[in-house]
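In the block that follows, a single chain appears as structure tokens, in the form predicted on its own.
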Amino acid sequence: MSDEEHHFESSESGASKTYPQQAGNIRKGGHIVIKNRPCKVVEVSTSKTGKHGHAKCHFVAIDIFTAKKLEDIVPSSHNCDVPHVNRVDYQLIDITEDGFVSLLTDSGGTKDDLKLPTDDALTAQMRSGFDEGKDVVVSVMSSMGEEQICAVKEVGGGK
């Protein structure tokens, strides 16, 4: 045995960002990774090919963060990556001048690393509810190391 001490640095929990699933089992409304982006499947069509070929699945999906449309064709017997997608609700505490939001977590801490959403309607809804003194709850979607505010709802009356 050597006396050297090994030091391994890791910034992640070790949990995988994706899991494999057979292409033929992925349905409309599910999630899939296309071109390294987490996407929601909006259309699936399966084609039967020739005598010795594989049946192929044609996926049309929308990136859950950028809303870009992506397509992929995969043999139905092959595995595809499916992203782990989480959605968490937080209460809005503050909106800073530089476009960041301060959110209250369930444990009572704050989360200050998210920017206002790129969707102008969501941003306007957040600002108006916040300015009126209402309790604003935001839903944050996270997948593959990215996070983004995807929905806003107002609770309570305010001033």
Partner chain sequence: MEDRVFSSVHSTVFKESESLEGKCDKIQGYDFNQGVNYPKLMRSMLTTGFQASNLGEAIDVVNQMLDWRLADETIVSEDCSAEEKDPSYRESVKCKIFLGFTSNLVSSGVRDTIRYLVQHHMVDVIVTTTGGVEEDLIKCLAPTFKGDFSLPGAYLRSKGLNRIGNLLVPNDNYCKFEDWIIPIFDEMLKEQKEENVLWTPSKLLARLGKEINNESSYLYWAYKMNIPVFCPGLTDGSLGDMLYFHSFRTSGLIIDVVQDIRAMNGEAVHATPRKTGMIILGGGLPKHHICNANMMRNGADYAVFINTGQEFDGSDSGARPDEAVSWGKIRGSAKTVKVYCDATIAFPLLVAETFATKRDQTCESKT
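Residue numbers count along the first chain shown, from 1. The shown structure was predicted, so the numbers you read here are calculated from the model rather than taken from an experiment.
If you look for the form predicted in complex with the partner chain, you will not find it shown, but the lines that follow are about it.
- Residue-level contacts in the predicted bound form: of G133, G53, G99, G29, one residue has a heavy atom within 4.5 Å of the partner chain, and it is G53.
- Distance criterion of 4.5 Å from any heavy atom to the partner chain in the predicted bound form singles out T49 from the list Q91, T110, S128, T49.
- The chain is drawn here without the partner chain; in the predicted bound form, the stretch among 114 to 122, 36 to 44, 64 to 72, 99 to 107 whose residues come within 4.5 Å of it by any heavy atom is 64 to 72.
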